[in-house]
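So this first bit is one chain, no partners, the form predicted on its own, shown in structure tokens.
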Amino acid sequence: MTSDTLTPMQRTLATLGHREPDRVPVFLPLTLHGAKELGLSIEQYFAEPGNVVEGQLRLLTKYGHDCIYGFFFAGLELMAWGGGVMFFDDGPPNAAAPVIHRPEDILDLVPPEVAETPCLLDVLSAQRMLKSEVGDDVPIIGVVISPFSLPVMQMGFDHYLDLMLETPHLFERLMALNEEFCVAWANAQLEAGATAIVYFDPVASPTIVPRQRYLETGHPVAMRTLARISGPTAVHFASGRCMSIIGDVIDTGAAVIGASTLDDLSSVKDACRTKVAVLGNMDAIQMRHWSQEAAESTVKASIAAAGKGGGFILSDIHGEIPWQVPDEVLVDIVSAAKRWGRYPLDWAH
């Protein structure tokens, strides 16, 4: 197998510039596997920023992929707003009880100050340490939950949908509060060393809300929020469809869009070509059971569908690879990507 000729950062930047680098970049969004590497429980692992740093560096060396994931877990943002999380032995920490119990509570809600919130400071500390270790050679990926999707944790899915439909003035106030927090949180991560910010927005997916509803609600939020984030952004729908809103996402100025297996990857790439890069589209739930042959065939199919011309990063569809995915499968994925992702993709038709 031919050796890499570029650093992960060089490879990624060329890809985002819609050029063909030495090979297709591979991003493995690994949050929990670092705990396995260190022999810690998931709760112990996230209790100290240094654990996450050591875990991410070990995973980078072990798998040879192209990014460091400077993300802890989604429920951390609820913690910042005064909520709690529940830890599990074999899965990501989940958000506990909502912090908004009645719509009227939004009137008294105050966004957390990043510089005064311990759980956020832990993430920033880890990102600074990671930056000192890898410098400009490896992209460090920061994460925010979009202002439009965060209320699912803040108040519960059903109550949030009711708010969106029935109480527009309180919905708009919540969006304004969440936007202020999201911008501050994203920019703090960029200042700490993150290369780019993934803007997770599952509620914006047509899988959750119709496009017209998104255009009236989540899209204006994204337009305002992403314009104030001082670095490149990737809009990700956490397994949700994106095909019908690709043009709307392009309008936000995002550099990358996360693709799902629910959309045809070749069609997504055609709609995005030269305008926004595509990230995806391996199913991490199915990945738990992949053989070496399945890993190779899936990687090859994704690269064939979207790799030509650059603008494609091979990754999973959800933004977090489950604890149950075996190490051997991850090795097989990266190995197959390095075999079949070498430019030019003369084998792909």
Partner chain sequence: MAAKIPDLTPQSRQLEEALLTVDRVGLVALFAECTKSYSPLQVFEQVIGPALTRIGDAWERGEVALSEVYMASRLCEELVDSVAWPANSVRGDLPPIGLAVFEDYHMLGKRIVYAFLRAAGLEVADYGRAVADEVFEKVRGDGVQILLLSTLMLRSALRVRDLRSRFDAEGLDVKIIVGGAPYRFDPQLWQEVGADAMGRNGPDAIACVEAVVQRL
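Because the structure is a prediction, the values reported are computed rather than measured. Positions refer to the first chain, counted from 1.
We do not show the form predicted together with its partner chain, though everything after this point is about it.
- Although its partner chain is omitted here, in the predicted bound form all of P92, S239 and I285 have a heavy atom within 4.5 Å of it.
- None of L215, I250, L161, L109 but one reaches within 4.5 angstroms of its partner chain in the predicted bound form through a heavy atom, and that residue is L161.
- Scanning N187, T233, T261, T117 against its partner chain in the predicted bound form with a 4.5 Å heavy atom cut-off leaves one residue, T261.
- Residue heavy atoms within 4.5 Å of its partner chain in the predicted bound form occur in exactly one stretch of 308 to 316, 286 to 294, 23 to 31, 48 to 56, and that stretch is 286 to 294.
- Taking non-hydrogen atoms only, Q44 never approaches its partner chain to within 4.5 angstroms in the predicted bound form.
- At the 4.5 Å threshold, heavy atoms of I208 reach its partner chain in the predicted bound form.
- Within this chain, E166 lines the site of its partner chain in the predicted bound form, having a heavy atom no more than 4.5 Å away.
- Proximity of L121 to its partner chain in the predicted bound form falls outside the 4.5 Å heavy atom cutoff.
- For the partner-free chain shown, I317, P322, Q324 of 312 to 332 come within 4.5 angstroms of its partner chain in the predicted bound form, judged by any non-hydrogen atom.
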